[in-house]
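Here's a solo chain for you in structure tokens, the form predicted on its own.
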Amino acid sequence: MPVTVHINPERRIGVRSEMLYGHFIEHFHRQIYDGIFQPGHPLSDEDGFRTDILEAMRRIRVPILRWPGGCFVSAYHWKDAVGPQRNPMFDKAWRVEDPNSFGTDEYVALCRKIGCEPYICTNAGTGSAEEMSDWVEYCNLENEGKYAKWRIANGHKEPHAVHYWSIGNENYGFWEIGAKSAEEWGRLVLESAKMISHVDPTAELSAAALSDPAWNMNLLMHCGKHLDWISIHEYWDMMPEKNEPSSYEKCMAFTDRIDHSVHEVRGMLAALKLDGKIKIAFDEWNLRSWHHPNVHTIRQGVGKESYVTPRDKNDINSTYTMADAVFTACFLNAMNRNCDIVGMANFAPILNTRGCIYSHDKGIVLRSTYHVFDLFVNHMGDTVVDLWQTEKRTMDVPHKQGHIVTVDTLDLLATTFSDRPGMAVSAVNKDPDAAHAIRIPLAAPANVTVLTLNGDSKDAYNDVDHDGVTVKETKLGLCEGELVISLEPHSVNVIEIR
């Protein structure tokens, strides 16, 4: 029997920011160099950017792009990567040489080409409050001071107008260059925020955090009045040392309480009466963590074959199956349901590594996760409304840690549009084997189209010259009374009701 799904478009949960569909790019492996930035490549434009990748980014209307890290930023000195003289640096986070040929001006140019907001994460590891605020001077002051004048001398008369800034990246973690204690962090963020706001009072500031009460309470009590955002990160299928991707069923276990960290941080903000001032930036997330063995360890790898070459395993396209697509859709559904407090989320990364786009010398591959963003960005509405089911269907799946988890089989989200009539429903069927039908009562006759992202199996994937995961469109025409739709196993669906 179908599950009856009721939707009340008059009961609004909130209006979702377009920045929930943001992305992230870091100086790691093939994301920047031999990735988006390849001067002289036949597919690159006059500024060195791969035009095929730019077009793919535009198609999913990337709203905001976080850069330059990530762990990379915690030993990065931005002044070495602007102007005509660029000297290579040794990146102590990832233990490779960076030529510094891609810096602030190139990053802003990338954002302008794809039409997104820049979001700069600053060096709060080996850097200082002054270095961070100098960066804001370079980007945002019109002509005052040596850094704005330096930008102008570098050929950029108009300010870069970078509105979003993050103080640090995961500085709570032992793995981070320049890790801090909670007390050290509160003091550094306070002074950094003060100096940045003295340079540009309109800048919106975030600071690295996690769903840990001791860290967050210290940060918020010291700095809450200076912050607009609090930054959290999460990866579920952890593989930094061993590249052993979880099966489809184990990935479904990760969808249990997928938004737990949002609820935990929400509670802390509410306790300090900051929930009306500070929003959550979930500015690094993905199902699968990046594979980079022997660098976040006490004993470092010796020989690049032990710590650099293994990073190529991130680019095995068969890893990114319908499990990744279904998980990604569940995450985006959850962030939409929390759109009153989550104002930004950044998929990590957008390109190569675990990205939704894979590039090679002849072109690109759009992985399964890319099509999820395409569906949500281009077909879902911006106003989240109330939806409830008459019954819950659940399934038992094995967790990577060995225990059994019971999860909802269906993940449903209803939206309307602030600029036009109609509804769009995200309907995810996590079941690896069986289809499940839903029934939606219709208040009036409506034209219905169903967009389904799926492959011929739960392990389907896309690769060079192999499109195993695609979107198909089914026009149901004018429907009256009720709508009954069968959701294929392991599928992501958007139901357009107009």
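Note that residue numbering begins at 1 and tracks the sequence as displayed. Fair warning: this is a prediction, and the values are worked out from it, not measured in the lab.
What comes next is about the form predicted in complex with alpha-L-arabinofuranose, which is not displayed.
Practice problem: Could you check which residue among 296, 222, 180, 156 gets a heavy atom within 4.5 Å of alpha-L-arabinofuranose in the model of the complex? | Solution: So the residue touching alpha-L-arabinofuranose in the model of the complex, by this definition, is 296.
Practice problem: With alpha-L-arabinofuranose left out of view, choose which of 169, 368, 415, 206 has a non-hydrogen atom within 4.5 angstroms of it in the model of the complex. | Solution: Selected option: 169.
Quiz item: Since the chain is shown here on its own, which stretch among 143-151, 230-238, 375-383, 269-277 would lie within 4.5 Å of alpha-L-arabinofuranose in the model of the complex, judged by heavy atoms?
Solution: Selected stretch: 230-238.
Exercise. Evaluate residue 70 for contact with alpha-L-arabinofuranose in the model of the complex, applying a 4.5 angstroms cut-off between non-hydrogen atoms, and reply yes or no.
Key: It does: once alpha-L-arabinofuranose is placed as it appears in the model of the complex, residue 70 has a heavy atom within 4.5 Å of it.
Quiz item: Given that the partner is absent here, does residue 311 sit within 4.5 Å of alpha-L-arabinofuranose in the model of the complex, heavy atoms only?
Solution: No, residue 311 sits far enough from alpha-L-arabinofuranose in the model of the complex that none of its heavy atoms falls within 4.5 Å.
Quiz item: With a 4.5 Å heavy atom cut-off, would you call residue 175 a contact of alpha-L-arabinofuranose in the model of the complex?
Solution: Answer yes; at least one heavy atom of residue 175 falls within 4.5 Å of alpha-L-arabinofuranose in the model of the complex.
Quiz item: in the model of the complex, does residue 284 have a heavy atom within 4.5 Å of alpha-L-arabinofuranose?
Solution: So residue 284 counts as contacting alpha-L-arabinofuranose.
Self-check item: Members of 14-36 lying within 4.5 angstroms of alpha-L-arabinofuranose, judged by heavy atom, in the model of the complex
Solution: Stretch hits: a single one, 26.
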